[in-house]
Structure formats: structure tokens, C-alpha cells
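Consider the single chain below, provided in C-alpha cells and representing the form predicted on its own.
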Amino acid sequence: MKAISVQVEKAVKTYGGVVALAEGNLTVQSGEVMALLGANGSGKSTLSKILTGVIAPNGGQVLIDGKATSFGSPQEARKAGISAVYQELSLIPDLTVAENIWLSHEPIRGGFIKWQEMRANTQQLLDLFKGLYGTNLQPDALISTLTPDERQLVEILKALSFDPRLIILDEATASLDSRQVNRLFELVQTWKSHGMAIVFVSHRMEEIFRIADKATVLRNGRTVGERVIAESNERELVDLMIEGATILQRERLPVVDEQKPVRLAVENLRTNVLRGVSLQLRDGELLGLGGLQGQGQSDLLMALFGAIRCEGQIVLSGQARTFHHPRAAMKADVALVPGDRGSEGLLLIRSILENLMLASWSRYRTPIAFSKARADGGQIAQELKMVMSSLDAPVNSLSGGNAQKVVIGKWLLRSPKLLLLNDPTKGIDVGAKAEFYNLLDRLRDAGTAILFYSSDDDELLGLCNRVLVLHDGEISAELREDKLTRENLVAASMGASA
């Protein structure tokens, strides 16, 4: 592989009066993993998109192998050897795995696509993660039929298919389970040894210290420092990111008083994935769902919200219920914050206010009530500390953390009694996470029952009164008090006794 040297010097990007990047600097060389760190809205995505030709800077310059370069499109960046895996997937649901991976650079002979060669090349790429995905992930499978982790693998392989000299991994591990992450990191080490340069964006500090050689830190649109990972520590990097703010330290929470009312009781719940799940959740309790990705956590939440069919008994507030549609669940004061805010939680081109109103539209549909909607939306935005230009700005103008606040805020307008959370902090920074944790405390103190799936073990250990660990669609362990430890959580996730 031909060596590469990439420098971004004093890059600036503005959108009208909004400064997305004020002075972005980055240097990465062949055979190096450079972590790109910063709070949501700090400029990481903007800097990455400048490097990949998605957007053009208003100032500064990009140098490739010492030569000033400007990319008019992602295709031009790929020709220069730069490819990216983005946090928001770019796959087309109605195309196959092979068609998505080779889109725009299909093998062609005589003006026709060489389908057999394309499928064979796709299988060769899939074999890089052999044994770590379901049987449905095949070259001819439609993207719409795949699980979130399988789609993330396809996104990674799509970027790799361009044979890049520099690859940007933007939250590429967010939807992967621990085995898939381990394999990706093995591949990163191989790519490094072959001379590839890697820019790695992650909000998981453990991953940064595990895989990166250096870290570049952005804050408020400016590069504020570069550190050698072996000579730094988590505290130093976090202080650079959030100007000295501390990571939320939390004490282990006790089990909720059994005298409190049972808000939710589930008995022998079954779906295509779940194999007989039973649980109880009380008012004011935060019950965690642990385990590796794809073990039934999302199915459980979706079934309780009426989004997928299920069998078994669901008792809500003492009444047996069967929800055939999310509307019925909403009427029963149930809310779901989905795992994919882009496709399941937001209308990206609509305004922040319209998105906040989505779950309560009937309440605000008359012209006279619209001023009430604006007042309520402003109050929620203030409570959640949303960083935005106005309620009329489109949601796609927000950083990931602020967009997630909109997803949560639309449900807070309904004051739900049962809140279902599907990995709600995925891809948001430590500052936004701390605000979210405080919100959960307030909801719990107000008596809201919360069922919470997280792919972050630290969140389960630090936030939850109890944790149910799912393995192969079943509850393999219930962890509470002194049993709620990282060792027991990992053991139960792998199907071992906790």
C-alpha cells in the first residue's frame, strides 16, 4: 500500500451565522491510528466530512502527501485514497449487500456489470468477519432484512472496498457486539501494518486507549490539543474535551422498595427472537437490559411498544394488555426512545419544534394551540439544555447529542408512566451523557418506570437498580446489589453463570 500523509490546517466551516468549525487541525500518517475526540458539536463530523469531500471548507487547507488539495465530492476523495464509515449509515435498504458495497465502482466489462465477480468479491469481504454475523448476511441479501450490527459491518466493508490509504471510522463500533469489535480491532492492526492511516472517532474511552496511537481533541470547533495515548490518561483527554467538567460519578443504587406498585409485569413473552422472557418493573425503578448486541433486547422493547408481534402476557398498571400498534401503547402512557434516531426517531428535514410535537400532534393540531406547542417545546428544550439556533431550525442541523435530546423531548411532553429506552446514549458525548443521567434520576424520582437497554456496561452498572442479562433470547441472569459487577455481567452475557 502506498504511504500517505494527511494534514488539515486551520480549517473553517460556517453555515450562515453558525460556526461549525473555527480552526480545525489534524495530522495523521501511514501506519497510525489517530483518535478524533470532542463533545457533540465540537466539529469532529465537520472535520471528517471536509477530509472526505462531503463538504468544502470556508477557510484553511487540506494537504495530501504535502500537496494542498481540495475535494469537490466524495468520489474525488476516494480517488485520493480516503474513505469513511459514518455514524449515520449510508446504505440503501432496497439494494442487496453486494450492490451497496460496490455502488459506483462495480466491476464492469463491455458495459455490463460482472455480477458473479461482484458477489465473489463481496463474499471475500464478508469472510473478514466470518462467524460473527447471522446466516442472513449474504451477498444477495437486502439491506432492509439485516440487523443493525450486520448493517454496520456492511458499511465498514463498503468503505474498505475502495482500497483506501486513509479510512475514517466514525463511531463504527457503536452497533457492534464485543466479538465484532474485537475482530474490527484485529483488522485495524493489520491495516496499520500494511501502511494504512486510520482516523478513529469513538465516545468509548476504553476503545480509544485500546486501539489509538495518538488523539486529537476538538472543543467548540477548535483543535485544542494532540496527545500520545501511551503518555496520556482518560482524565486529561476528558478535561480537554469539556473544559474541566467532571465525569459523572455515581453510587450503586439499591433495589426499589417492593412496596411500590408494579407498573409492568411480563410473563413468557415470545417473538421470533425472544424465547420466553418474564420480568417485573416497579414505579420509580430503572431496570437494565444487558447482554451482547442482538440477544433480544430491542425485540423486547419493540414488543412492549406494540411495534412487533409477540405472544405471552403483558400486564400494565394491573391490567392485561395486548398492543397491536404503537398508538395503543402511547394511549396507555408508554413511550419508546428507539435505537436508531435517524430512521426511527426523527424527521430529519423538519424543524425541531415539529419533531417535538410528533408524539402529541392531536394536542396541538389547531392553530390556536400552536403557540402552546411552541411554549411547551421551548420549555422542554430549556430543560434538556438543547444547543440550537431556534425551534424552527431543521433537526439535521443539530449535533448527535442534541438530536437525541429531541427524540427524548417529544416523549417527555406526554409524561409517560413507562419509558422504554433502546441504547439512548449511543454516539453522544460525555457531557450530554451526564445531562441524560440526571434526567433519568429526575424521572425516576417522579415515579416513572424505566426499562433501559444499553450497550455500555458502565451505564448498566452505574445507573440501574437491577440488570437482566439476555442471551439467545432468554434472561440468563438477574444482577442486583453486590452481584451487579462487571465480571458477572460479562459472564452472563456470554451465557456463563454469573
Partner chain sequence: MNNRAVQLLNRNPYLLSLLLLIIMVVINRALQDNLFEIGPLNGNLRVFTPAILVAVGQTFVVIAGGVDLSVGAILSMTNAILATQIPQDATGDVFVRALALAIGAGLLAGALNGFGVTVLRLQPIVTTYATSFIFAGVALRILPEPGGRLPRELTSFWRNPLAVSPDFALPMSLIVIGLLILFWVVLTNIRYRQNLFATGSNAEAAYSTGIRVNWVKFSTYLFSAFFATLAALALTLGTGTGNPRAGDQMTLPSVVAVVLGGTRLAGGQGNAVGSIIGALILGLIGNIISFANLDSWVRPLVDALIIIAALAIPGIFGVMRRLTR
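Since the model is a prediction, treat every value here as computed from it, not as a measurement. Residue numbers count along the first chain shown, from 1.
There is also a form predicted together with the partner chain; it is not shown, and the following applies to it.
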Considering only heavy atoms, tell me if residue 104 and the partner chain come within 4.5 Å of each other in the predicted bound form. yes
When the contact criterion is heavy atoms within 4.5 Å, does residue 267 count as touching the partner chain in the predicted bound form? no
Is it the case that residue 72, even though its partner is missing from this view, gets within 4.5 Å of the partner chain in the predicted bound form, heavy atoms only? yes
In the predicted bound form, does residue 434 have a heavy atom within 4.5 Å of the partner chain? no
Work out which of 383, 186, 234, 94 lies within 4.5 Å of the partner chain in the predicted bound form, going by heavy atoms. 94
Work out which of 333, 207, 239, 99 lies within 4.5 Å of the partner chain in the predicted bound form, going by heavy atoms. 99
Please identify, from 440-448, 48-56, 458-466, 23-31, the stretch that has a heavy atom within 4.5 Å of the partner chain in the predicted bound form. 48-56
Within 4.5 Å of the partner chain in the predicted bound form, which residues of 213-239 have a heavy atom? Give them in sequence order, or say none. none
